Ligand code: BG6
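Okay, here we've got a single chain as structure tokens, the form predicted alone, with questions on binding and movement later.
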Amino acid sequence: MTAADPVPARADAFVFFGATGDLAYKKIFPALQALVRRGELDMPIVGVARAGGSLDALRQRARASIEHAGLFDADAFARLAARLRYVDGDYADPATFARLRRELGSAARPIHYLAIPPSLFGVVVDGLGASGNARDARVIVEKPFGRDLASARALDATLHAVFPERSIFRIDHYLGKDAVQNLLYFRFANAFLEPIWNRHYVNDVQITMAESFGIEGRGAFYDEVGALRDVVQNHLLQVIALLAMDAPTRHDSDAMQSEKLRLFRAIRRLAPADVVRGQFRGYRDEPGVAQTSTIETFAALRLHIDTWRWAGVPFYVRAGKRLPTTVTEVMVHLKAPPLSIFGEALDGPPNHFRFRLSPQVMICVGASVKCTGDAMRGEAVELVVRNDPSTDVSPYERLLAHAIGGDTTMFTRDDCVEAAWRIFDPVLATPPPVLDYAPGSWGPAAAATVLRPGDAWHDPSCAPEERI
């Protein structure tokens, strides 16, 4: 949207399919109460499910959800409950969509959230189109956006048969995190970073998404997905985009998505030598996991970005379950000074920028300073800025507010989704072997083979001493 474009009209009704499901319980109901409390959801809220339930049961489930999250607000919940409506029925039955139309009343611009398995997307989208409920409407689609390039294209064809691209909101909750948005802001709101944010000064970029826990009872789901599809191809590739893209000409959806698309198209397709897959010992004993599973619970990879800015700079990504700690962190290592004038070796800790995205939120600058005393001897320190995550709104609250307002900036465009799958398609079609690793380790020892000689994985559990 440019300055000359009209401001999108706000949606005037919110519909969510899968109203009795797990996603609604964990994320959607708390976000809806927050939006009601802020005065941003003064409209009908229609839950649709095929559970044989009732409006009273939906209200009870909504309250249980919000209480479980520790966010119950009596006044806001009363207003939410008053707006709730319920439609029960089979998604393949036209009568279900006729009842939905009646519940929407005079609403002319509903937004439909498909909080349902991807296998049901086509059925619901077809039902919305045939019943007239898609006219002047928007649709929110939850990831995954396909399993590979071919299925992503098939999903887009299904959606585009009923909704224009401008009315499709592909939700990746990671883009709604304040810490992730801060990467974009920090890069382009500060002039000091741009002169060094390139191949002349950056040695390597590392992104680690570590989880100390396992699959937590989601064996059947996880064994169909794996680490590459679950978090790397979507969440962490979006982080890379914010780190590596050039500045958009404007802060609007088209400009942002076009820069991301240019970057994704510049990333080489992954080759088997660029990826190491691992599986923690004991994974195959989890309920729902096949005894012969070759799904990865760990992935380490090296990405090459063939642009003038980043040519020759490796981007390393590491993500996995049952690792030593739970943390998501970006480490940007800068190159060493060209010459030592203090008689010290240049193989000490390099200058760096460190972005802690979770569980804490920090931006850190690593530098060398002189030790106290007469000797010209240095030590590595960090300058640290912390954010208080308790003041942040939840990602779903932020993203739903943007979707209701018609702002697609924090969502993903169809061509960007396809460009992202293009990068991963070769190793998804012919994956390298899965190697076992001990729970509590940093994955298979072979993860070091994706590193360039002289580079080493950053250990986010052993950050340098923090000094402000």
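Don't overthink the numbering: it's just position in the shown sequence, from 1. Remember, predicted model here, so these are calculated numbers, not experimental data.
There is another form of this protein, the form predicted together with the ligand, and it is not shown here; the text below is about that form.
With the partner left out here, if you bring back the ligand in the predicted bound form, are 269, 302 and 428 all within 4.5 Å of it by some heavy atom? No.
Can you say which of 257 to 265, 231 to 239, 304 to 312, 360 to 368 gets within 4.5 Å of the ligand in the predicted bound form, counting heavy atoms only? Going by heavy atoms within 4.5 Å, the stretch is 231 to 239.
Report the residue, out of 352, 321, 170, 356, that has at least one non-hydrogen atom within 4.5 angstroms of the ligand in the predicted bound form. It is 321.
Residue (of 174, 77, 283, 86) lying close to the ligand in the predicted bound form, criterion heavy atoms within 4.5 Å: Going through each option in turn, the one that passes is 174.
Consider residue 342 of the chain shown here, and say whether it contacts the ligand in the predicted bound form, taking contact as heavy atoms within 4.5 Å. Flag for residue 342 set to no.
Proximity of residue 213 to the ligand in the predicted bound form, heavy atoms at 4.5 Å: Result yes; residue 213 sits at the interface with the ligand in the predicted bound form.
With a 4.5 Å heavy atom cut-off, would you call residue 187 a contact of the ligand in the predicted bound form? Contact check for residue 187: no, nothing within 4.5 Å of the ligand in the predicted bound form.
Answer yes if any heavy atom of residue 275 is within 4.5 Å of a heavy atom of the ligand in the predicted bound form; otherwise answer no. Residue 275: no contact with the ligand in the predicted bound form.
Scan 128 to 157 and note down the residues that get a heavy atom within 4.5 Å of the ligand in the predicted bound form; none is a fine answer too. Contacting residue: only 143.
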